[in-house]
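Only one chain is given next, in structure tokens, and it is the form predicted on its own.
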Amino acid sequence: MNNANSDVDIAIVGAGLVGTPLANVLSAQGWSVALLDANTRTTNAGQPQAQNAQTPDLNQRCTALSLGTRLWLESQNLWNTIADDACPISQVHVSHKGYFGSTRLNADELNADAVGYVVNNQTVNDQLVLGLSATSVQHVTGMRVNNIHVEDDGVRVYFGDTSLKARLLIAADGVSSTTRQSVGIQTHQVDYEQSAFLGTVQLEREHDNIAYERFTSSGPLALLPRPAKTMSFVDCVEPDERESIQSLSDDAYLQRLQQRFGYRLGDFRRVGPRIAVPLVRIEAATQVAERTVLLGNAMRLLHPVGGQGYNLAMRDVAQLCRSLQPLNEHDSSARDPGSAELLQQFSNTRKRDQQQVVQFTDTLARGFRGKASLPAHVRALGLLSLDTLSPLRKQFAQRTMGLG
């Protein structure tokens, strides 16, 4: 659909991994929903790219879903849409390079099918977008929001040469959200003075569905399991290394990645296209404004350590859906989804979890970095303690699995 044909209860700006499942759920609840998508969609949904041991897909950007995110998607009948692409994590192995001490989280030990799952962002989003055709969502493609005007009873959203009015506006349009800027919400930024290289690597050996988080002097190196002896990686580096590493050939970068990780998985065979991103924490001053809610990276961008950002965003989504759940079949027309009381209550409910996750990731990002010997030994001892002390271990497991 290229044009909105009527005003709606809820307009969602951004059709990514936050906005698209949210549109599906709110539509199922009985709300009239418009999903404003800046992209012109030409997907291969329903026709997954062939992948085998000889021709693995090394051109993918991936996200780790916690068990909590999977359970919520399942409860909303969305998991089956993306399950074929989801690679389960049976164990998380956390270590500190060069030091004794590690911790492991096993799905069997935690009485779970998996600790989490790793998905290809593009494949999953294509499948979720394809599912919109079975809903009443107005999916407006190829249109960028260029202005927003908040009124007493709604928000007028302008895009292209047209507009629509919604009683509630949800911004899920990313870290540089034009929606957030248009409604005047400021942001606060913390620079971790690091960069990260993101990509996919092909292995010699099977990874046995184990995810690795390896702390090094320049920051964490994460490897996440994908099909066909491949793993998605997040390789954090010092800022003065970024330019020289970016200029490396694929073979030279592969050798560097191997040296940083070691040979636990045998030889690294090939590496796919990689991108470099600065590592910063960006947080909006408030999650709600008049008839407006911020979600996903429009609200908060976190350091990737621990894979917490997307899963925190999906807990925001789950709570917003609970807050908007109609009381009966007539409730969606009688209630005001953009009421100040409802939005403030949603924001207050989510604050504690958000603060804890921000502190958790910030501690990991800052605490497991540096070359000084004594702090490194203390960090290694901390990992050993985490692996042996059950209360700390349980808390760490719950946070990792999105069940805290």
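Start at 1 with the first residue shown and count on from there. What you are looking at is a predicted structure, and each value in this text was computed from that prediction instead of being measured.
FYI, the form predicted together with a small molecule isn't displayed, but the following is about it.
Site annotation in the predicted complex: the residue of Asn39, Gln354, Ser32, Ser347 reaching within 4.5 Å of the small molecule with a heavy atom is Asn39. Of the residues given (Pro326, Gly160, Gly174, Gly272), Gly174 alone sits with a heavy atom within 4.5 Å of the small molecule in the predicted complex.
In the predicted complex, the small molecule sits within 4.5 Å of a heavy atom belonging to Val145.
Contact check for Thr178: a heavy atom falls within 4.5 Å of the small molecule in the predicted complex. Within 4.5 Å of some heavy atom of the small molecule in the predicted complex lies at least one heavy atom of Val277. Under a 4.5 angstroms non-hydrogen atom cutoff, the small molecule in the predicted complex lacks Gly116 among its neighbouring residues.
Between 184-192, 304-312, 244-252, 201-209, the stretch whose residues reach within 4.5 angstroms of the small molecule in the predicted complex through a non-hydrogen atom is 304-312. The three residues Leu26, Gln138 and Leu343 each lack any heavy atom within 4.5 Å of the small molecule in the predicted complex.
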